[in-house]
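Given next are two forms of a protein chain, the same chain in both, each as structure tokens and marked structure 1 or structure 2.
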Structure 1
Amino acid sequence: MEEANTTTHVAIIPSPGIGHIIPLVEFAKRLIDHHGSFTVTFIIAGDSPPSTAHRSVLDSLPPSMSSVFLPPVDLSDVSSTAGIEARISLTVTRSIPSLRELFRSLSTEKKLPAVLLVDLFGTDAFDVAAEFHVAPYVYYTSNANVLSLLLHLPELDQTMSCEYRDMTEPVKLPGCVPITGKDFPDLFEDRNDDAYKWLLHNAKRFKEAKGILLNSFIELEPNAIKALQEPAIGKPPVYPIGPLVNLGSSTNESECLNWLDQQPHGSVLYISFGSGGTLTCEQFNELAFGLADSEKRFIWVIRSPSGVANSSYFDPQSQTDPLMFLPPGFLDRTKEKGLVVPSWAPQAQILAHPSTGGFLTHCGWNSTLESIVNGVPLIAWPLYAEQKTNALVLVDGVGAAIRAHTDEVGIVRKEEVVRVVKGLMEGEDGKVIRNKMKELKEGVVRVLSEDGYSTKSLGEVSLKWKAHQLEIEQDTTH
């Protein structure tokens, strides 16, 4: 009877940034909806008061979830050229005294969480978890291949003397796609950079976790996941619980969806580089010319080009109307077949629409999973972060994408755009990829079913968390 009445309290610390909160909110919803008797507190660290976007996400949480904002930390001594990863890690680290204070007051009120869940840059919070006998866990938002690379990073760092990009042989990790230096995530590029040092610091602390929850699934990466689950000293158990995606609401009326309703089944290529990917002016033009030359139907979500190739969402975006940057005559030439949407589109609904037949993507993991859930085949066009590694996994490991190749100066030329667009939408390669995506979509239904692999994985973790909550309660009553 005692167990039935016990509610397990989980604290979640997302890394600073709205993109880190959303996947963790999706996780918390699934945990509560499917495994019952949980409450979740989001603990938000930052170097400034929370943004409107932060507030709106956290204000819309259901009653079983709450949020606490830690006092902003001072980063005025951090160089303006420091990478965002260094700033994120420092924000979490400098918030530790406030976190300790919060846990102390929760402990006094008998409201201490049983579990502390952090993402990639939050492992310094494990110090506070250890002090209060709270079980530390990591929620890893990317895939098993990249997680494996991270878990092997301390060893790679000791055994490799050169920069990873200069390696003559690919790195072959158990169950994973061989990774050449050029396809390593951006954070690995400069081993003297603070961002890399923070990545290495966090990777070393992963072994302190009681478990790692992974937003991937067994049918997508069977070999990499099985290898991660092999018991080894110093390696926490890995629980594949994905795909966790925000499917959006289907009630939104939008120009995109109305336009899609008028198009033939599976005929439209959706093009988006995520919430922050931008192209240079030269690359923007090559993509536009290539789309026009391909003569295929498309929806293109455009942002103003940046001066920097592969700029990420941490760079200030131009406020200029992005339509001004399109080549002269482009809109007239493509008006029968194309729809250009400035800045934002309802991606989840577009990918779920029957007229959508392909997705040209930057290979962000959330976008990738949204595509797989809907069975939409991919053109891989990675820009930054771990997207090159994701693209490698999707093309060579999974067979779910065609890769757009750059020339010697790093530009995807219009002829290459035509090749990949036609190849995906009408070629033999496209048919093979489409069939693979159909299999993966069916695999998603299986792993998320009541007795599916991902459901069982999360069930296993939730039982451990409930058992730990009972231990804590028994300790405090004796």
Structure 2
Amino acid sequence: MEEANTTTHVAIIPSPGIGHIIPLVEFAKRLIDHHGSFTVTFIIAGDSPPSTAHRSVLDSLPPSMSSVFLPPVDLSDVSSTAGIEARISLTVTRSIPSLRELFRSLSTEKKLPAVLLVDLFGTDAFDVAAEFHVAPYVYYTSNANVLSLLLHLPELDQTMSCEYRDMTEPVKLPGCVPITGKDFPDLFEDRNDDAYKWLLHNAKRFKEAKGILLNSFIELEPNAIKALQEPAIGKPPVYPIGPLVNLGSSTNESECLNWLDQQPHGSVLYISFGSGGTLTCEQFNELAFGLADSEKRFIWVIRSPSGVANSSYFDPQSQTDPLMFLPPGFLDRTKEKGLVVPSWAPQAQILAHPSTGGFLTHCGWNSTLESIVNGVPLIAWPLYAEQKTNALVLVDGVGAAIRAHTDEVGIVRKEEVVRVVKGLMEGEDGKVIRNKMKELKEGVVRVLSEDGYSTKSLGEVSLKWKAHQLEIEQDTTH
């Protein structure tokens, strides 16, 4: 193949939300650094100008990557109670005409991409890919167990007559942890809801992809991944290429890192609920009291409490000062042991710091992988999206986390906080999980090595993409 002079152009449409962009940027870096000559264009759809956190990610892209903003779409007719997923899907769907315009002008300039990569909610963009003979691919940012559930969703939807939460038996998919209705992702909760309909719509279109890239790795989910790789009609090839995570920048100075430098090795529990997670007032207080009672060291990224678990999704900065919501006396009581950080912290660097010995997480998949890469054991405290299912996979499937249990009204009480924090940081369960994490961290090094499983998987896809670029360059009609 005469690939020496050919640069392959890949276009990526991340779903709105910084949690979606970060892994795709990491993916693009990996592709460019390890798999030959590629340029990547991020095509950004939204219903408003991007947030500061969003911009800072896009402004620091390396030279072989660029970004294009599509005109913001109008979502003023969408009910304020519509779920995030419906808003995300509608944003992508309503951006299709401007995407088509963009592809038209790229085609005139002979700069069309060879590949269009979308994530979970972006499959409507496949229509434009098909019109311009651009190869459609999915980048799946979560794990193999949840991907398997999604690929089976059209069939489950046909065969189940009840709501999934009312199923009497868990769903057992090949190679996967059995999933009971209560651990299904939130989007499956109400089959009449628009969010579920959008999920089903996108899941049905997955089969149109030429391949699905998966941000997981064989040593983390061996059985689920092997089962996904069994060829079947209507199932695109699945390439496990992870874990690809944001490693942060080593030059980043911050109060947290300076504070961590002063703490004993492995002694600090890092607590964060991702880019958008928020707790109710009651839950916020229980966590605060539990942390203080545990007497362990911690860094806690706090947001102003809210009744909606993902209320900060589109903008992680709290509008009011979150410190105001801490119980009276909390800062005084914990000042020797804890650091409270409003809204946002340099998570990648915190997890890589030797003083960090545990992570209480909402189980977002990026956070999970960032912890695994650093061998940091987890407390699973899922809030929304597919986080309950991730928690199940991490606790029952992998053995990498202790689950924080809620009471009958859905609150994790302070006594439970003390149990899981002490259990992870000093108990026997913690030791077992720590050892598992150590194994997984070594596994990460193996799969991402030059000959490793994930590197080879991405190598295989990248060869297909290069071949398609050559084909379209030779086809003058493209």
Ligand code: UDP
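Keep in mind the model is a prediction, meaning the values are calculated, not measured. Here, rigid core means the biggest group of C-alpha atoms that superpose within 1.5 Å across both forms. For residue numbers, the reference is structure 1: its sequence is counted from 1.
Quick one, which of these two is the form predicted on its own? Looking at both copies of the chain, structure 1 is the one that matches the description.
Aligned on the rigid core, do the two forms place the Cα of V447 2 Å or more apart, comparing between structure 1 and structure 2? The answer is no; the displacement is under 2 Å.
Comparing between structure 1 and structure 2 on the rigid core: C-alpha of Q158 shifted by 2 Å or more? For Q158, whose C-alpha is compared between structure 1 and structure 2 after core superposition, the shift is less than 2 Å.
Tell me, please, whether between structure 1 and structure 2 the C-alpha of V432 is shifted by 2 Å or more, with the rigid core used for superposition. No, V432 moves less than 2 Å.
Core-fitted comparison between structure 1 and structure 2 - CA shift at H133, Å: Its C-alpha position differs by 2.4 Å.
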